[in-house]
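Below are two forms of the same protein chain, given as structure tokens: structure 1, then structure 2.
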Structure 1
């Protein structure tokens, strides 16, 4: 068990290193940082001075190493636009995005698992068709269209939810609904497949023969049967939600990482863009790592591989 975790951890670190290198290359591609930092009208010697001070005249790999050492100490550069350390911005913005993602995934799980299981219990019946329609809408609705629709209906027509901002729990409901809709299809599929498998299994027949009440059997076994893939898919979906919330954060004016990235791109503030990418990737890597460990505890077979 410990060795599984150790290897899994090693993989996570390796992935993060690769991503950090890729994002570092992107930062380098964004132009001469010395010129950007010096600003317009600065003399060539000032630019040269900055280049020396920050080591931007060294070979790329040395620069990456220097950057990495600093990054591990929590220094990932300074925003050109805000003038403050990038780390501060990320730490300030991450909670909103995490809260939004968490809420969205909980909503998606709470609706998609029952729907998928019901669809799998009665394949071909009305509930299955409903699940099909929801899944189809989920994969083919542009998220911004849905967002405006939600604003129109829940924000204005019925006026039950605040429209923009991230001040409270209630502010996150609408954007989380928009995001959740997007990850429902995957979860519907998994739980539907899990249910179908359970229905076909021998132990259901045995249990039925023993006279156990059907619903309890289905629920108990199907839930257990789908838990492992659902945990895996949920962690992946959570990662997608973190990265995919750009549009939603923009529409609902939520002070999160997605909005920050979009704003930074519009401001050519690439140190922030790089850090945002890293932060979201790191969140994803950590989540999947946790999901794997959780799954290993649920299902000991994984350990044996």
Structure 2
């Protein structure tokens, strides 16, 4: 188990280094940071002063190395717009995004897993058609349209939930519902496909031949093996929720990482944009690593790969 975790951890570190370099490179390709920071009408002398001050006149690989050394020490730059350390902004905004993403993924899992597994257990029946319809609607419904629909119905028409802000649990319900509906299709499909495959396997037929009751076969044998791909998909979907919260956080005025990213893009605040990208990428990597460990605990055969 230790060697398996060590391999996965080493791979996670390599992935993060690759992402950090690519994000650094893409921001450099987006334009001259000195000109963007100086603003229109600034003189060439001031632009050159900024290049030398921030080290932007050095070779690209040298700039990346200097940034990486500081980043490993907890210094990922200073915001052009806020004038505060970027790490401070990320730490302040991350709890709101994590709370929103956690609520959304719990909603999605509690709805999609039972629905998908029921559809896989009874393929072709009414429950299967309902599950496929929900998955289709989730894929085809734009998240911003669903967010405005929730505001119109639950916030204005019935006035049961607040329509903006993130000050309490109730403020997160509507945005979490929008994000959850966005994540449900993938979980429904993988749960359904996994259940269909498991129910057709030899050990399920053997359990039936022994005369085990259907609920014992379903809960004791089929459910555990069906959860292996679901865990992997759920971890990826959680990462999607964190990265896709930019739209939802802006619609519902939740001041998390997504809202911070939107502000940084509008203000050409490149250090914050890069840090937000790295924060979401790190969440993906950590969630994938945790999913691998959980799947190894569910199915010990995985550690032999």
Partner chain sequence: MTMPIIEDTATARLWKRPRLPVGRFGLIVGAAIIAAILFAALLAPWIAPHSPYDQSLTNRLIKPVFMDGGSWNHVLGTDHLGRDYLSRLMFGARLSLMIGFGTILMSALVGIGLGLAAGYFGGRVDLVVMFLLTVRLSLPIMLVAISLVGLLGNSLFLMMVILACFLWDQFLVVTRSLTMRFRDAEFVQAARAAGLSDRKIMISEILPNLVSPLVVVATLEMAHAILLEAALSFLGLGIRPPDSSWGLMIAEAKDFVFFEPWLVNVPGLAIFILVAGITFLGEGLRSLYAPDGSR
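Numbering follows the first chain given and starts at 1. Here the rigid core means the biggest group of C-alpha atoms that line up within 1.5 Å when the two forms are laid on top of each other. Values in this document were obtained by computation on a predicted structure and should not be read as measured data.
Do you think the form predicted in complex with the partner chain is shown as structure 1, or as structure 2? Structure 1, which is the form predicted in complex with the partner chain, differs in this respect from structure 2.
Checklist entry - If you line up the core, does residue 50 shift 2 angstroms or more at its C-alpha between the two structures? => result After core superposition, the displacement of the residue 50 C-alpha between the two structures reaches the 2 Å mark, so yes.
| query | With the core lined up, does the C-alpha of residue 197 move 2 Å or more between the two structures? | reply | The answer is yes, as the C-alpha of residue 197 shifts between the two structures by 2 Å or more after core alignment.
Superpose the two forms on the rigid core and tell me the Cα shift of residue 59 between the two structures in angstrom. Its alpha carbon moves by 2.3 Å.
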